[in-house]
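Have a look below at one chain only, the form predicted on its own, in structure tokens format.
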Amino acid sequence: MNRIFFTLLTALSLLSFTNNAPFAAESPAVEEIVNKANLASYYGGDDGRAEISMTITDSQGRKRNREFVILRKDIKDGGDQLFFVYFKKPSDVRKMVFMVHKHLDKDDDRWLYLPALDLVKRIAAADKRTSFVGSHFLYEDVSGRSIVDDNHELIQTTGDSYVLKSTPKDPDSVEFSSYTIWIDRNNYMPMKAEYLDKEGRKYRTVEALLIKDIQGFPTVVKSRVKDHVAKGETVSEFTNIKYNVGLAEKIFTERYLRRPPKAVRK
């Protein structure tokens, strides 16, 4: 289920692939790598549930915590998905809800429910790469960057990883110029992504710190985002992870933003 956040890593595209000739003989085609990584990262089972403890550390070493539950349901394997994030702690975010309807052919739909104001707010596409509840993760990281937004090139094959360089098709829509991602050759899980800013400097790293097998699915149970410019980091730990729990599609509607389902409250 952590794959939802480590989405937070892959931003993989199914279009506009390029392959680097020196590795063609020993590596799968870029399209195959990207497809398998996309499925491994986001589509374990038909749905999933996880509890997350997030520790945010700022540049001065001060720490804040967030605790929440994530639900995910796949509409189609490799296709559209639904996400529901319910906050439990601390008190200033308790009962806040973030919901995403992820699409492949258009911008995702995102909602944020603010209980203190009893307000449902739509998150504009332009705001998707802003901080997620004050952490170093971004709103876009929750469900993952659209899989049609980047071009990908296989630049290296090591003993452990396929290394891809990805560049945005619309450079003006994002704050990065490119990112490099390391994908495990055995299970196709993305292990690390390094982002370069417009001047070509590394400014952000997202990585998997621990992976376990859960119900037959390789699953990231601890991940970290580092900010190399403003400093600070956010570490997320995932517990009570379950796949194929039988979530109803009706849960992922505006009706449930104000009265969250039992699946997140239990």
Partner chain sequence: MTNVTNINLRSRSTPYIISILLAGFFVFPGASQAAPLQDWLYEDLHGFVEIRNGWRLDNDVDEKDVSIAEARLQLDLSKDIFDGSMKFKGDLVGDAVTEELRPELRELNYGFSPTDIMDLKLGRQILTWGTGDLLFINDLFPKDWESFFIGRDDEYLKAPSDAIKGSLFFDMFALDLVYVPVFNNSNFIDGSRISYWNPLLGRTAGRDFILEDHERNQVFRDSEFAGRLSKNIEGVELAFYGYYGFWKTPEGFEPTSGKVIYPRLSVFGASARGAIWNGIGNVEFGYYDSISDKKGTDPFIRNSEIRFLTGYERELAREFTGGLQYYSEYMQDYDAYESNLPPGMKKADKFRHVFTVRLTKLLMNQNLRLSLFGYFSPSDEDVYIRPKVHYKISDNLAAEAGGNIFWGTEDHTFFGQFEDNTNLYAGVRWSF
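Residue numbers count along the first chain shown, from 1. No experiment lies behind these values; they were computed from the predicted model shown.
Omitted from view is the form predicted together with the partner chain, to which the following refers.
The contact residue chosen from 129, 185, 192, 165 relative to the partner chain in the model of the complex is 129, the criterion being a non-hydrogen atom within 4.5 angstroms. Only one of 170, 160, 77, 92 lies close to the partner chain in the model of the complex, with a heavy atom inside 4.5 Å, and it is 92.
Using a 4.5 Å heavy atom cutoff, 65, 106 and 258 all lie near the partner chain in the model of the complex.
Residues within 4.5 angstroms of the partner chain in the model of the complex, judged by any non-hydrogen atom, belong to 109-117 and to none of the other stretches in 109-117, 177-185, 68-76, 150-158.
Proximity of residue 85 to the partner chain in the model of the complex falls outside the 4.5 Å heavy atom cutoff. Not displayed here, the partner chain is approached by residue 123 to within 4.5 Å at the level of heavy atoms in the model of the complex. Under a 4.5 angstroms non-hydrogen atom cutoff, the partner chain in the model of the complex has residue 254 among its neighbouring residues. Contact between residue 133 and the partner chain in the model of the complex is found at the 4.5 Å heavy atom cutoff.
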